[in-house]
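To begin, one chain is listed below as structure tokens, in the form predicted on its own.
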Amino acid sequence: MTTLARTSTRQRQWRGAILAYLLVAPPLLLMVLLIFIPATQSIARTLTISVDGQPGFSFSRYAAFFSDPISVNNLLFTFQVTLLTLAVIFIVCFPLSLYLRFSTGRIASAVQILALFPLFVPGIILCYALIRFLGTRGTLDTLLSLVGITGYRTPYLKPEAIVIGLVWESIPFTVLVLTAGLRQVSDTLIESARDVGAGDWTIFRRIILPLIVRPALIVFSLNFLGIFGSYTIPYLLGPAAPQMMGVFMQQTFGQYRRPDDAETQAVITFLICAFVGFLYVRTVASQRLTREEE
């Protein structure tokens, strides 16, 4: 009977494992076909040149990219806008998340609704709304004129407009993730700290900050990926030069008819985002392992 029971248990385990692999196979296959294979082919093409009709290995495309001042300026501009936007996102969203975590009542509910409202506004609608609001003789300029403030300089078609648009678009996701991370901080833990004489600053520094590091890294990684490769907001709100990489790739491919250069730009963008994506995957995996150990 013991042998039969063991055999039956092993069969159930095998069936469960096969079923699990079958469930995972379709999305994994889709990722391989739509992401990994095209990305690998693009990387291979950018490292291959034709010499006397024979393919050869070369970094010439990347050397051309980094020797071109316009390309380098656009890449640096993309980093600058991305990092500045991330900093403003944390400055705006972290206090907001703290308030939503530790506050209750109608005001907190109203603030949460307002924080999530941009989630339901399409990006192109947001851009045109900001153009009408921030542009010359727009809503903001009119309101300032009514109270006697003149000399308004619109951020439209400047890097500041890109930052404003991207921050607005990123608020809902950031608030949701940070608030969910803050909810891991139990009220019992905070009350215990208060019982032994800890003040608000000590609780924030010794309890809340260490527990919010992983959610903050997740927010940083996912926002970085979305901002670094963004197109609609930088195209409609940003300057003609320098350009963010998403706009630069489209212009190189569509207007300048240089698909090889556009592919090189895409691979460089992909490699940068892949590195940040690795940090995200590592953070999520370490969090899962910690939970399993607990």
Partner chain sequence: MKTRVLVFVLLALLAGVLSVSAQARTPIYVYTDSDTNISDWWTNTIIPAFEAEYPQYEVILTIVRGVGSGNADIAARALAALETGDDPQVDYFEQINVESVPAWLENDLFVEITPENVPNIANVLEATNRIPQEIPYRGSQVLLAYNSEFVAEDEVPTTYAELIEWIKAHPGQFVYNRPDRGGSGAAMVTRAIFEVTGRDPSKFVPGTPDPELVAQFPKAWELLGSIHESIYEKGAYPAGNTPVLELFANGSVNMITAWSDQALQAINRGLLPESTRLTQLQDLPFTGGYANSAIPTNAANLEGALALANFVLTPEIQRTVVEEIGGFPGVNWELLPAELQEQFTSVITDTVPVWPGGEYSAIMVEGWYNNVATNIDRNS
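Numbering follows the first chain given and starts at 1. Here the structure is a predicted model, which means the values were calculated and not measured.
Just so it is clear, the following notes concern the form predicted together with the partner chain, a form of the same protein that is not shown.
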**Within 4.5 Å of the partner chain in the predicted bound form, all of N73, R153 and Y256 (non-hydrogen atom)** = yes
**Prompt:** If contact means any heavy atom within 4.5 Å, which of 230-238, 41-49, 55-63, 26-34 contacts the partner chain in the predicted bound form?
**Reply:** 230-238
**Request:** Only one of R194, R101, R214, K158 comes within 4.5 Å of the partner chain in the predicted bound form by heavy atoms, so just point that one out.
**Result:** K158
**Asked** Of T136, S145, S186, S109, which one comes within 4.5 Å of the partner chain in the predicted bound form, counting heavy atoms only?
**Response** T136
**Message:** Against the partner chain in the predicted bound form, would T269 count as a contact residue? Criterion: heavy atoms within 4.5 Å.
**Reply:** no
**Partner contact for Q243 in the predicted bound form: the partner chain, 4.5 angstroms, heavy atom** = yes
